[in-house]
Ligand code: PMV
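In structure tokens, the next block holds one chain alone, the form predicted alone.
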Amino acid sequence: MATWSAPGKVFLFGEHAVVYGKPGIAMAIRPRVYVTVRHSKRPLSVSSPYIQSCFTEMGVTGSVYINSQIPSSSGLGSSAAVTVATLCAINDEFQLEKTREEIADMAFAIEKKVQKGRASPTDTTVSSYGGIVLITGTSRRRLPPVNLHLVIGDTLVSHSTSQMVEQVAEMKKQHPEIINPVIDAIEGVTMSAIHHLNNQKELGRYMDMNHGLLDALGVGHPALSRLVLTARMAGAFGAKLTGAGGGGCMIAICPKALKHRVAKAIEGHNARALVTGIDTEGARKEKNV
């Protein structure tokens, strides 16, 4: 058997806009999904279309066991981490000799298929390679890693990524004169933020701008707004939703000395808080227990 893991991710800037070829900046975070695959002629039945697609695309049958530190439907890239780790474990167990790039491309194709064509390569790229990644269309570029002090607030409100992406697409179709400039503005925030990755205070300002623009796209949620405002009041440099929105998670960039205070303030609103930082490894092989 083979066990591999892959990290989750947060969107620092540019979610939703990346679906339309605009740039986005995402960062791998320390929580991981662990997947063990064993060769088997009689595979276990799985309910996940992502896992099923991994075995189908690789052309093999086997059993799978998953242990995840990432809550699902929260905007932290759990489906991408599951897909990447599963493909890596299958690749290892069956000695298929796929490259890391091939794994990332296949993982994106699977996500795109399951999410009915509206997925970006962001999540699967970050889970595969780790670090901070700039996504523009189909191009992927790793940015220099920086030690950001992040607090993630999970609203515990479930959402559907594909549904939120479809909702924005419908708004764009009905009101292009309003939505297109908002998407362009998100691009402007992302491109400006690239030049300030080492300045957490400035990044916080851009996060606040990005959050307001995402609200304008209609992907906000009252629970997200409460946590974003709470984090800012507790001393965060800035805060925004991360991922598809409509629930799920927000992130706050904080002074090192205040990150635990911000986390405690978030937990005071019946939410789950996680203090985390960057993961620079990406997908990795684990020792089988």
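Just so we're on the same page, rigid core means the largest C-alpha set that superposes within 1.5 Å between forms. Numbering starts at 1 and follows the sequence shown. Not measured: the values here are computed from a predicted model.
Below, we turn to the form predicted in complex with this ligand, even though it does not appear here.
key: Contact residue in the model of the complex, from Val19, Ala265, Leu274, Ile278 (heavy atom within 4.5 Å of this ligand)   = Selected residue: Val19.
ask   = So which of Ala244, Ile29, Ala239, Val33 gets a non-hydrogen atom within 4.5 Å of this ligand in the model of the complex?
value = Only one listed residue qualifies here, and that residue is Ala244.
query = Does Gln200 make contact with this ligand in the model of the complex, using a 4.5 Å heavy atom cut-off?
reply = Gln200 lies outside the contact set for this ligand.
ask   = With the cut-off set at 4.5 Å between non-hydrogen atoms, does Gly153 touch this ligand in the model of the complex?
value = Output for Gly153 is no: heavy atoms all beyond 4.5 Å of this ligand.
message = Under a 4.5 Å heavy atom criterion, is Thr161 part of the interface with this ligand in the model of the complex?
response = Looking in the model of the complex, residue contacts with this ligand include Thr161, since a heavy atom lies within 4.5 Å.
inquiry  = Within 4.5 Å, heavy atoms only: does Met106 come near this ligand in the model of the complex?
reply    = The answer is no: Met106 has no heavy atom within 4.5 Å of this ligand.
task = Counting only non-hydrogen atoms and a 4.5 Å cut-off, give the residues of 55-82 close to this ligand in the model of the complex.
result = The one in contact is Gly75.
task = Could you check whether the CA atom of Ser72 moves 2 Å or more between the shown form and the other one, using the rigid core for the fit?
result = No, its C-alpha moves less than 2 Å.
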